[in-house]
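First comes one chain, alone, set out as structure tokens in the form predicted on its own.
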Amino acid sequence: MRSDSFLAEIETRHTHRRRDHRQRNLGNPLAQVSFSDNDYLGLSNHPLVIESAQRSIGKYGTSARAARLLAGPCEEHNELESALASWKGAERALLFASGYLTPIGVIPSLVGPSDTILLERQAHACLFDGAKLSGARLRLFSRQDMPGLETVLNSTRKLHPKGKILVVAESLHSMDGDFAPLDEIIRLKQEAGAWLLLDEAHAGGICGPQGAGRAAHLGLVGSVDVQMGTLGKALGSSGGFVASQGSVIEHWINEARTFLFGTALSHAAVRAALTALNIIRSAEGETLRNTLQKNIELFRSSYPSSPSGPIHPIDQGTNSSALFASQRLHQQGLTVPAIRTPTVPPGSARLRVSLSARHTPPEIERLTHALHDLPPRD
């Protein structure tokens, strides 16, 4: 095969993406008001968070320089892990360099070819990638279909009585914006003798006592085997983490490849996240959550949307319709991203509105008026 076949295939795929309105680029600047990110409490620009990161850079520099096991003990990493474990009601927590790398290291170290993963059909790509890397059998379920999950669990246990079963679910869905029926998922996984890995990336910081997440909100922390979270959303920094039993964390320190071989989080990112976590757990954090909830209620009172959290999909149907709507809003000074295939299934392209405590009522009213003025979807 000639070497120019690489470029030929790349150009063919470019052509197909442009034809299907799936081509992305990094050249679009944010508009005056952004509803595109996951900084739900606005902590990435909090003065104390910024100041703590700056102090850390002055003390340690800009990089952790190596993987944790090579770089040696770090007081700030240990301090954040202890605080995260306490926040999540777990024995221990472990940091990873990014949210995406967390399940890619964690899942393959829990299950293998003789085991089965039951994964939400619309789960985040990082969960699919971690599942595929494990070599385990992969079976899908719809997150709101509990009879369907029960059927899959029972058939898996019957077909593979000696294999482990890992259920993987998002507590707050990143694109649909709905909360999973966590109490039912836990009941079913317990009856089947399975484990649950709960991705709390979008729920952490915004609900539950001290913002500890959906499992804490429902009083179900003790029934979740692995809680996974991120530092890059409500905690206003970057990185990922898991919280679980001490022996499980020790296992990942030795066998999670993205922990073993990846450069550790920078000290500045760790210190920023720790400062943000302290704010989240304080009275100020409660005020920020109340502000976020008021913003959600204001949006829902002005625009028909069913999710009760900060993520609101605005159905557009086709990729072209979603892209046109996003561009039209951008011209009015509003950044609302178009979510297209392959992020969502064909025919379900949408705008994704992400609300934050930093948004003001006039900004939200400006958004809802602009959404009402959009032309009908394709």
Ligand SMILES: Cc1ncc(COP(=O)(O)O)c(C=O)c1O
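Numbers for residues come from their place in the sequence shown, where the first is 1. Given the structure is predicted, the values throughout are model-derived calculations rather than measurements.
Another form exists, predicted in complex with this ligand; not displayed. Remarks below refer to it.
- The partner is absent here, but in the predicted complex a heavy atom of Met228, alone among Ile185, Ile107, Leu80, Met228, sits within 4.5 Å of this ligand.
- Listed residues Tyr100, Trp195, Tyr303, Phe128 were compared with this ligand in the predicted complex; Tyr100 is the one with a heavy atom within 4.5 Å.
- With the partner omitted here, the stretch from 259-267, 152-160, 230-238, 216-224 that lies within 4.5 Å of this ligand by heavy atoms in the predicted complex is 230-238.
- Among residues of the shown chain, Glu170 is one whose heavy atoms approach this ligand to within 4.5 Å in the predicted complex.
- Of the heavy atoms in Ser244, none are within 4.5 Å of this ligand in the predicted complex.
- The shortest heavy atom separation between Lys189 and this ligand in the predicted complex exceeds 4.5 Å.
- Remark: Arg289 does not count among the residues lining this ligand in the predicted complex, judged by a heavy atom distance of 4.5 Å or less.
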